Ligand SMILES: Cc1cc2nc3c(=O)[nH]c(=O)nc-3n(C[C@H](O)[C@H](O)[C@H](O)COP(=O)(O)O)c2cc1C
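A single chain, nothing else alongside it, follows as structure tokens in the form predicted on its own.
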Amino acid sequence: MKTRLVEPQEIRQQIWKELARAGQDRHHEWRTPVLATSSFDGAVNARTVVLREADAGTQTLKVFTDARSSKVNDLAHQPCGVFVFWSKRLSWQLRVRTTITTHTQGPEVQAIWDKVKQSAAAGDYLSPTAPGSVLTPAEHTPFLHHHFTLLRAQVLDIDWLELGREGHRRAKIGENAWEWLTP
């Protein structure tokens, strides 16, 4: 039987500890959350992204993407999103409501790009065509201009749900607030 955390502060600390681990550990269950955004026509778009970093001190999550992706277009219209994380090991679901800023240049973006361009992932940001475009054989060759973009998500609040045999627990966690909710 799993030990249940009792104090809200312990749960908050555990959430950020797990998020930080997920940004570093390719095998962590929270490494690939779903990010939902809203497009200009009001449609909801959801896709799996890779969590690159989580910082409890600044309450931010970082994700990389291509500047031409639909999520960047969505965020230009409505700069908010919801990340959904599930951990079978913890029996925890997180729905993390955020405001998201896109960064295509600057010292931080350049420093990250300098690392990414040395990896196999560089090709993801060097394609001459946008993500989701139909490719012709001539377009398979990458070119030198990158479309790397950093998404910085400022966490507004977290809807935490724990599923358990002895009952479920749910809470809304803000930066300085805590509300227990009906599961």
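The shown structure was predicted, so the numbers you read here are calculated from the model rather than taken from an experiment. Residues carry their position along the shown sequence, with the first being 1.
Another form, the form predicted in complex with this ligand, is not on view; read the next lines as being about it.
Although the partner is absent here, Leu150 sits far enough away that none of its heavy atoms falls within 4.5 Å of this ligand in the predicted complex.
Mapping the unseen interface onto this chain, Gln154 falls outside it, with no heavy atom inside 4.5 Å of this ligand in the predicted complex. For the chain shown alone, Ser127 is not a contact residue for this ligand in the predicted complex, no non-hydrogen atom being within 4.5 angstroms.
When contacts are judged by a 4.5 Å heavy atom cut-off, Ser119 does not count as touching this ligand in the predicted complex. Annotated contact segment (heavy atom within 4.5 Å of this ligand in the predicted complex): 49-57, selected among 22-30, 49-57, 110-118, 154-162. Counting a residue when any of its non-hydrogen atoms is within 4.5 Å of this ligand in the predicted complex, there are no hits in 160-180.
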